[in-house]
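What follows is one chain in structure tokens, specifically the form predicted on its own.
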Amino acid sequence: MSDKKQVSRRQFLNYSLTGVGGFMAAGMLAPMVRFAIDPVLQPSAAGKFKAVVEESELTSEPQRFTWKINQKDGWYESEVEKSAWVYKKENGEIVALSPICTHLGCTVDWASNEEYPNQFYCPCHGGRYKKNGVNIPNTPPTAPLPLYEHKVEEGMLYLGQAKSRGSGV
């Protein structure tokens, strides 16, 4: 006689129904899981540049420029307005700074406070930045203003994503 164990009819039905139920559950859950994680799998829009201003309009004094981008958050798409403080250095290099204070996210203005001419000033908590966007010591911001990626093509300034410069420059 052989020592093979026989599978009873009850065990066979139990194994079969469990397997079929598992396949059916996987078939129902797979689309739901894909639906939930699909936005994460989509390629990001990072690196896209938008035309903002003609290079000939830039001066050595920071000017605020605004533009609109299409933003996608999951399945929700919206048009969002962005802005930057842009100026040209004496050597012709373009500097594009984010207007968002690194302290609490308020909007900074150039030379808006009479006590601090030629500085970016945040009215929320008195944060101050030099013209190059570096935070002034002993003021609330602990990091410089982020810099926008930029390029010039055919006389037009294009701005991309704002990149953080860390806690000190």
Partner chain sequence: MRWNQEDISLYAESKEYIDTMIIPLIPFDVQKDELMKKQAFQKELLKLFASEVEKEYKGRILLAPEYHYISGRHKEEVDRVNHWIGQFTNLPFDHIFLFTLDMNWRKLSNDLQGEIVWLPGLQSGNLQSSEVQSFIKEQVSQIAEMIRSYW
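Positions refer to the first chain, counted from 1. Owing to the predicted nature of the structure, the values given are computational and were not obtained by experimental measurement.
Not pictured, yet referred to below: the form predicted in complex with the partner chain.
- Considering the partner chain in the model of the complex, which of Ala111, Cys124, Ile69, Ala51 comes within 4.5 Å of it through any heavy atom? Of Ala111, Cys124, Ile69, Ala51, the residue with a heavy atom within 4.5 Å of the partner chain in the model of the complex is Cys124.
- Heavy atoms within 4.5 Å of the partner chain in the model of the complex: does Lys130 have any? So Lys130 does not count as contacting the partner chain.
- Query: Hey, in the model of the complex, does Gly105 get a heavy atom within 4.5 angstroms of the partner chain?
  - Reply: Result yes; Gly105 sits at the interface with the partner chain in the model of the complex.
- 4.5 Å heavy atom contact, Glu81 and the partner chain in the model of the complex: Yes - in the model of the complex, heavy atoms of Glu81 and the partner chain come within 4.5 Å of each other.
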